[in-house]
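What follows is one chain in structure tokens, specifically the form predicted on its own.
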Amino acid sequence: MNSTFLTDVKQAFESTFNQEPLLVFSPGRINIIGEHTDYNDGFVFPAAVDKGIFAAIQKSTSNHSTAVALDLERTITFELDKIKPLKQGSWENYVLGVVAEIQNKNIVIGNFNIVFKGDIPSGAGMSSSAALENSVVYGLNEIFNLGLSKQDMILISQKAEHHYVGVKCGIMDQYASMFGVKNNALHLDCRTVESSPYKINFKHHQLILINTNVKHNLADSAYNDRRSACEHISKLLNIKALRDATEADLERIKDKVTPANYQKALYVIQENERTLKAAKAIEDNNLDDLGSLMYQSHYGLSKQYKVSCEELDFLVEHAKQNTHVLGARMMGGGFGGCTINLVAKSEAKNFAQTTAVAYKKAFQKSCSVYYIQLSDGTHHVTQTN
């Protein structure tokens, strides 16, 4: 965790508001496997990481609330009884949405001030939005003694994303950010919203993220289109969600759906199976199997679900050429962002360097490399060292 960022938000808060704040760290997340399965009531395998949102928050005695995005050098003031969404894509909607959803539960809060700053790379598919939402709801719960459970808080964060941001996300991002366990990934059942922590022995390997530093514009609309296609096929099958479907079920209605939507549904069914196989691989300390499943996941995301892009596919193909890389795949919503790579520690630096050179040559732009550790979820930070 970046103690410098924590000090930055604390000092900015104290100089701006002349108060001692509550300090909160809310992590971003990775997802080892199980992509686009969460809104199909399926299984996912996320983990909180040591990059996230650092927030300083406290009650305010003024007649309005203030939120300061320190790294953007932007400030917004608002009145609690006049909250409405701003234009799409505004960071303010993550804060305003959480406040609105708390109030929609007939919970009364007072005015507050918040300063936040993050070290989650923008557009990396590491859920900076969920981390921000969780930091706000967690902080408000603490300073106003709202008595919300962590389960309550993640549902508030999710509804904020639905109603104020306009993305019908599943629960994975908020859950992983809130409930993360250090050195563990969470095998999460998105229907019951319950998880089992799996301690991962990476042995002589580590996880590396490589950011394409591209974000193709169709990401949000494509996400909602695919969600709609999955829901349509579930209705045809007369089931609640694709989590309940088998490949045989899907085959029976093949003539009633487009070939493209058939492949999308097939991907979801197969990806669900891969998360169960990944849990077994981690239990057995079999990193080779885990890596193979990651490669299979990327193939499905690229060729069946069609949410990859040229840059992501290039990075995964490059990883495949290196025998020290056990697995790689795109991570997150798609159309840009990061790949996640399971790499031998002894080869990590060389792999990062050769990848950067190859990527620059292919696309005339730079990629970014992040070394990450698995972290605890959203929590109150009592000291800055």
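Predicted, not measured: the structure shown is a model, and the values here were computed from it. Each residue number is its position in the shown sequence, starting from 1.
Absent from the display: the form predicted in complex with a small molecule. The rest refers to it.
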Fill in the blank from the handout: The one residue among 169, 309, 229, 269 placing a heavy atom within 4.5 Å of the small molecule in the predicted complex is 169
Problem - in the predicted complex, the one of 42, 332, 46, 28 near the small molecule [non-hydrogen atom within 4.5 angstroms] - result: 332
Exercise for the section: Would you point out which of 356-364, 312-320, 34-42, 338-346 contains residues with a non-hydrogen atom within 4.5 Å of the small molecule in the predicted complex? Expected result: 34-42
Exercise for the section: Classify residue 112 as contacting or not contacting the small molecule in the predicted complex by the rule of any non-hydrogen atom within 4.5 angstroms, answering yes or no. Expected result: no
Handout entry: in the predicted complex, residue 179 touching the small molecule (heavy atom, 4.5 Å)
Key = no
Handout entry: the small molecule contact in the predicted complex: residue 262, any heavy atom under 4.5 Å
Key = no
Problem - Touches the small molecule in the predicted complex: residue 198 (any heavy atom, 4.5 Å) - result: no
